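The chain below stands alone and is given as structure tokens, in the form predicted on its own.
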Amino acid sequence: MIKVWGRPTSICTQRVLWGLAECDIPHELTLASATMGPNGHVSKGGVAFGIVDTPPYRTMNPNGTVPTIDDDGFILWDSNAILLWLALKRGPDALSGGDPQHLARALQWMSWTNEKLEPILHTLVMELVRLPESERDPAKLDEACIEISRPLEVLNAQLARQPFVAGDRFTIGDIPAGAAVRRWQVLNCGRHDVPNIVAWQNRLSERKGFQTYIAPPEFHLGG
């Protein structure tokens, strides 16, 4: 059994939980966070789950972030690194098809998600969900709603050529982007004509890991 530290509303934790589900690997989730707790975000007066600032956790993950895993004594943090570990060690058939080219292209889109999509998505989440209304900035929200159209257009064009981001089959590359797009859909910010993304999300929605850890709106609106 793999031990996971994180929280269901963390999109990075969601990535790992989805990857584990694809491989049918049992896990034990310990709720941990510096910013979120059972009653919401600390900016609204909530008390964080904690753990991440304790010496034992910082020994595992010096950043004090989530997720972190313990796979039979092998400690690893960073969601993309964890997904790569799962694809190499635990579920190559399920997560990369055992194909180096598919894996390389998957990593390409995982990095793209972190660099091009996630920063804008973070602004949307903060301005729409997590910040107290008195601290929200309508100008930042409007800008982010417009700005997200650029990476969405890039992804939509990629999915016009093939059913999944790395090619003709599902890989770990679909997990970060798929979770991010689902969050954007739940936040319902702006109307963009992205039919290929919609069709891809429909394909992803058939997967158990997506249904369990990504689809529920409360995992994206918790704050």
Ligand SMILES: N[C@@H](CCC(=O)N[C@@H](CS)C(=O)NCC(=O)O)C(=O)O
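All residue numbers refer to positions in the sequence shown, first residue = 1. What you see is a predicted model, and the numbers here were worked out from it, not measured in a lab.
What follows is about the form predicted together with the ligand, which we do not show.
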Of the options 194, 186, 31, 34, which one has a non-hydrogen atom that comes within 4.5 Å of the ligand in the predicted bound form? 34
So which of 153, 147, 71, 78 gets a non-hydrogen atom within 4.5 Å of the ligand in the predicted bound form? 78
The ligand contact at residue 204 in the predicted bound form, heavy atom, 4.5 Å: no
According to a 4.5 angstroms non-hydrogen atom cut-off, is residue 220 in contact with the ligand in the predicted bound form? no
May I ask you to state whether residue 172 is within 4.5 Å of the ligand in the predicted bound form, using heavy atom distances? no
Residue contact check: residue 177 to the ligand in the predicted bound form, 4.5 Å heavy atom: no
So which of 209-217, 195-203, 6-14, 19-27 is the stretch with heavy atoms within 4.5 Å of the ligand in the predicted bound form? 6-14
